[in-house]
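Quick setup: one chain, the form predicted on its own, written in structure tokens, and binding and motion questions come after.
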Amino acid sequence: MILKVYRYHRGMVSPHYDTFELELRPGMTVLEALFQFQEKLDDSLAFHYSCRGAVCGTCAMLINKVPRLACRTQVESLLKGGLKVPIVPYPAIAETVPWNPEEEVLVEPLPHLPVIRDLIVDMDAFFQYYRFIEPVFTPSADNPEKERTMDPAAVKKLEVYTNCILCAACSGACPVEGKNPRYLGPAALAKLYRFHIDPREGRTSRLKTADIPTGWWACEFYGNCSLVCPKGVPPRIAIAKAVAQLKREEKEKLKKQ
């Protein structure tokens, strides 16, 4: 089978694609395939990786036109069509190069972020929006004698959102991010909602942080973010619940006037 990889570095007039005939092994991941490309064809190929176990989120990239983690995406499954994801099409995943998904694996940088080199993107904007929502726990004023306990049901509710590994796959799959670069994005908004529903959180106005045109209200609920998240975090649900609550609060406010 063939590995087709996006290549770019500063100074190039335009990016191009390199192809490599892969020695396919059972259980081989896309990350392993990239290492094989690097070792046997061109050692200048640039990509990020770290844990190799779908924990750090470092190796998120566009694989066969779907944002995925290279370390957990198996080549054989891709070729057999077993990893299809029904995401809503958007310009960033439009076909720009001919490729045959039955014989080739196409690897490109994560959409909506500036490409630094090959498969490495600049994550500064992603983390700028993440810091904007102040992802820091603010405990209530009353200090417990031993610890801040939580009801098991509340823990289960929180875990849905604490699983986020900040890989930015959701941002790469979001059509709104492509149209509106100032949009805070699904990862930041889901994290903000996580602090909002934490019963130990002392700040009662967490949702207001993103009550801006580029926050909750910018989401168009395509749902791609939830479909591609490697940890099953559902940003669309968090955003929908936040919007519903803000609308209820606004109605109550109008009634009192």
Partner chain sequence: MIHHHDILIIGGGLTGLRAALRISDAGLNGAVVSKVHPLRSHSVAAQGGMNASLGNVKGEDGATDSWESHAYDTIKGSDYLADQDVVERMCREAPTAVIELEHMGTVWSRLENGKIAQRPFGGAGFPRTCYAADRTGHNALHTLYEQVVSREIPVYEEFFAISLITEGGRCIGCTALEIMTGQVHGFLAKAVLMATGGFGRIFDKSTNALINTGDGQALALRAGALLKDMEFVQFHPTTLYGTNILISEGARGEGGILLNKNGERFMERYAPHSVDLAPRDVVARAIEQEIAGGRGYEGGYVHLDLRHLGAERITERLPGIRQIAMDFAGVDPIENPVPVQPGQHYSMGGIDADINGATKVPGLYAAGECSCLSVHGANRLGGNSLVETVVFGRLVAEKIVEDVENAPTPDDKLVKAAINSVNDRIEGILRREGGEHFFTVRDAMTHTMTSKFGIFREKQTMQEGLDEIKSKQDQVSRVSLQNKEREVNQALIRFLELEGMLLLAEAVARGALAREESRGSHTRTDYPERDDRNFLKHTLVGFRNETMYVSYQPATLGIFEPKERVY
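This one's a predicted model, so the numbers in the text were calculated from it and none came from an experiment. Numbering follows the first chain given and starts at 1.
Not pictured, yet referred to below: the form predicted in complex with its partner chain.
Colleague: Which of Lys80, Lys179, Lys156, Arg182 has a heavy atom within 4.5 Å of its partner chain in the predicted complex?
Modeller: It is Lys156.
Colleague: Note which of Pro135, Pro114, Pro91, Pro101 lies within 4.5 Å of its partner chain in the predicted complex, where distance is taken over heavy atoms; exactly one does.
Modeller: Filtering the options by heavy-atom distance leaves Pro135.
Colleague: With the partner removed from view, which of 106 to 114, 92 to 100, 145 to 153, 171 to 179 is the stretch that lies within 4.5 Å of its partner chain in the predicted complex, judged by heavy atom distances?
Modeller: Contact-bearing stretch, as computed: 145 to 153.
Colleague: Against its partner chain in the predicted complex, would Arg131 count as a contact residue? Criterion: heavy atoms within 4.5 Å.
Modeller: Close contact exists here: in the predicted complex, Arg131 approaches its partner chain to within 4.5 Å, heavy atoms only.
Colleague: May I ask you to check whether Phe47 falls inside a 4.5 Å heavy atom distance of its partner chain in the predicted complex?
Modeller: It does: once its partner chain is placed as it appears in the predicted complex, Phe47 has a heavy atom within 4.5 Å of it.
Colleague: So, Ala54 and its partner chain: in the predicted complex, are they within 4.5 Å at any heavy atom pair?
Modeller: Answer yes; at least one heavy atom of Ala54 falls within 4.5 Å of its partner chain in the predicted complex.
Colleague: Test of understanding: in the predicted complex, would Ser226 fall inside 4.5 Å of its partner chain by heavy atoms?
Modeller: No, Ser226 stays farther than 4.5 Å from its partner chain in the predicted complex.
Colleague: Whether Arg10, Ile120 and Asn163 jointly form a contact site for its partner chain in the predicted complex is the question; each needs a heavy atom within 4.5 Å.
Modeller: Yes, all three are in contact.
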